[in-house]
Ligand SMILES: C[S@@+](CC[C@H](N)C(=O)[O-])C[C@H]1O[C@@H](n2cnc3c(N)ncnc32)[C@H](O)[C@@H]1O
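In structure tokens, the next block holds one chain alone, the form predicted on its own.
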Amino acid sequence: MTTPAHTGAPGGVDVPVAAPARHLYVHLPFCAHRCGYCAFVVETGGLDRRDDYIAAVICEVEQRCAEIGVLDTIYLGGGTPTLMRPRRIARLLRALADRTARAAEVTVEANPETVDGAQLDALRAAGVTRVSLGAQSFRPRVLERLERRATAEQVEAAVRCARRAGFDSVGIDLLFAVPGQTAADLEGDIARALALGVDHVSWYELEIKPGTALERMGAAPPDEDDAADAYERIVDALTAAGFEWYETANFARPGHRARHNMAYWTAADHVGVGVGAVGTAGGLRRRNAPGVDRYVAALRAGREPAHAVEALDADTRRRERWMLGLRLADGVDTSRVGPPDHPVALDDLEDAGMLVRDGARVRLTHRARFVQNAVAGRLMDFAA
């Protein structure tokens, strides 16, 4: 069931939760421009609305205080959150201070060209503990295809500045299977990523989403076998360098797993605030509508922002927990998530060397993780 978007008028949908969530996502949508692959909720330009937007986000947090507990993680995503500049992020984190755990992980996404040493120092002083830098590639022609503005040198400078600022963890995001990306491009990206000495790498296969510039240009994804070879090369290189392949697309030095993202992958309740933000708590999934002006106006008037709410039944949540949990190196705890739709397939897959069972825990073997979707499809009816 999906309810219509509403603004808190009589008859609107209340959002009860079983217990306050300990994870908060904040969407900061402003961007200088939309990259060629981007299908996210972003607003290009309009930077004069940043103060009003932060005030509105704080109002939404106050409206939804019953849903938000003591926060173990806060994630500031976008958009380009660092376009908000440190003083606005500091204002937001001050408003959250009374509900933030002492050892909370506070992550900010950053486009490398939007930060320097002084700004990263200020973000660290404001309480940010972790920075995730959007590199996407180090190869100029791949960056041009993606319409990215940061150069390889700017990424490297941002990593150095983040190290000097004293963040607990520094990570980078990269893409593979970009149209036109060659094996030499991939090897160059691997070499430069490892040379940076970062704590965390997220390396995603590019999806050409409807409505993006890449899709409008008719860009074709690479051959599936080539993409699979590239993925296997990435995994081999990063694990050989000491990274833990702890999630399908994520690699961490020991002690540097992304705690906020782990909450998503283990299906923990989380709240999302800001335009386009999504959260799932108490069996309900809430999705805020896009549109900064409408969002700000509603909260300024004391109304809820426009949003939709979807009720998730027990089977949907069980299937989601399996789908997400199989992405993790740690696998699925069946005592928590329940059985798969096809329990007999567990025996077949174990006999085929595709999964390992240790008590209640089920995890995929190394080779099965390269075909995780196919294995999951044997266990679950995801289209149900």
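For clarity, every value in this text was computed on a predicted model and none was experimentally measured. Residues carry their position along the shown sequence, with the first being 1.
Omitted here: the form predicted together with the ligand. The next part is about that form.
- Proximity to the ligand in the predicted bound form, taken as a non-hydrogen atom within 4.5 angstroms, holds for one residue of T107, S169, T80, N250, which is T80.
- For the residues H260, R148, H200, R130, the 4.5 Å heavy atom test against the ligand in the predicted bound form is passed only by R148.
- With a 4.5 Å cutoff on heavy atoms, D116 does not count as touching the ligand in the predicted bound form; it lies far away.
- The closest non-hydrogen atom of L175 lies within 4.5 Å of the ligand in the predicted bound form.
- Among heavy atoms of A297, none comes within 4.5 Å of the ligand in the predicted bound form.
- Mapping the unseen interface onto this chain, P305 falls outside it, with no heavy atom inside 4.5 Å of the ligand in the predicted bound form.
- You can rule out all but one of 34 to 42, 328 to 336, 342 to 350, 355 to 363: in the predicted bound form, only 34 to 42 has residues with a heavy atom within 4.5 Å of the ligand.
- Contacts with the ligand in the predicted bound form, taken as any heavy atom within 4.5 Å, map within 202 to 222 to Y204, E205, L206, E207, K209.
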